[in-house]
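In the form predicted alone, a lone chain appears below as structure tokens.
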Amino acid sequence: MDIIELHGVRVGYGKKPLLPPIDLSLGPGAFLGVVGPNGSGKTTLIRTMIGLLAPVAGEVRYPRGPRPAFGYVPQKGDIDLSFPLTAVEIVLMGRYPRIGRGRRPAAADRAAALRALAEVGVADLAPHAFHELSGGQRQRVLLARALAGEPEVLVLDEPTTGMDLPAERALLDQIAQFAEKGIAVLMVSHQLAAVANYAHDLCIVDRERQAVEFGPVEQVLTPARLTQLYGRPVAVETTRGYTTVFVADPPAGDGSPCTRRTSGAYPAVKP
């Protein structure tokens, strides 16, 4: 049974829709990538899917019952670094919806926080001050915070921003494993190569063209669609299981070859 279903949903603010009607679904173990230019409506779509914003039209359904449990990993840490909080204290924040108002974390909650840190490979950071950690370590701690709440859906907003390539690859590998365990993953990213190699399905949001395209990555992430989306020639190449997405500017007219700006490449997670 699906966790989230959108039926003819139009997202926007007040009574003004930003995008045409959207129909899509998200089930257990799904990995949906949401891409599009800045200001295209990606964040508005995500906020509507998880119930933080009412749709202008259509219906968002949660077939399994009440609003599902969501775990959120922000693009940049939303923790005030001036507070002397340790990594495990940050992760404990993810337990608050289960702990309830006015109650203190119990031993079971602390154990869940420590398990979440271990699950993302940073158990040794539990006693360390959050502000002393590297950017990649902070992202892993924030991922552990999202997992500590035992989510059905993991929502990630540009989770690899500011990370170097090895750290980015390691984090995406970890996220893919959670999808394999049955957690639905909903990831907004500008890293098209990351989406191409990790997500199962793709939603391209294009407010300017008033278009939304949804389907399997291999069907949606095509040069023609991306070229139309970004207004520049975009190429998609796969070699030995690696997919690269890059801007292929035409020759300069002086006989020099076309230039190429890549967005990176990663080993494919699925055949």
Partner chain sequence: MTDVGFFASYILWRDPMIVALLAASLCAFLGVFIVLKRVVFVSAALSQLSGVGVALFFWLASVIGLDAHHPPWFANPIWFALAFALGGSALFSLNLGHRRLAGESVIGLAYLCAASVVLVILNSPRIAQEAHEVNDLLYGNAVAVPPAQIIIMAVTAAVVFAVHAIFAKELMFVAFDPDMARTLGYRTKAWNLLLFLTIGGAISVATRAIGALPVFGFMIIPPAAALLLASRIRAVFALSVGIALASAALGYYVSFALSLPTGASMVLVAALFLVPGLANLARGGR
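These figures come from a predicted structure and were not determined experimentally. Definition used throughout: the rigid core is the maximal C-alpha set that superposes within 1.5 Å between two forms. Positions refer to the first chain, counted from 1.
The next section is about a form of this same protein that is not shown, the form predicted together with its partner chain.
When contacts are judged by a 4.5 Å heavy atom cut-off, residue 86 counts as touching its partner chain in the predicted bound form. Its partner chain is not shown here, but in the predicted bound form it comes within 4.5 Å of a heavy atom of residue 131. Although the partner is absent here, residue 72 lies within 4.5 Å of its partner chain in the predicted bound form, judged by heavy atoms.
The closest heavy atom approach of residue 97 to its partner chain in the predicted bound form falls within 4.5 Å. Partner contact region in the predicted bound form: 102-110, out of 160-168, 102-110, 173-181, 191-199, criterion any non-hydrogen atom within 4.5 Å of its partner chain. In the predicted bound form, the residues of 30-69 lying within 4.5 Å of its partner chain by at least one heavy atom are, in order, 47, 50, 52, 67. The Cα shift for residue 182 between the shown form and the other one, taken after rigid core superposition, is smaller than 2 angstroms.
A movement of the C-alpha atom of residue 200 falling short of 2 angstroms is seen between the shown form and the other one when the two forms are aligned on their rigid core.
The rigid-core alignment places the CA of residue 170 less than 2 Å apart between the shown form and the other one.
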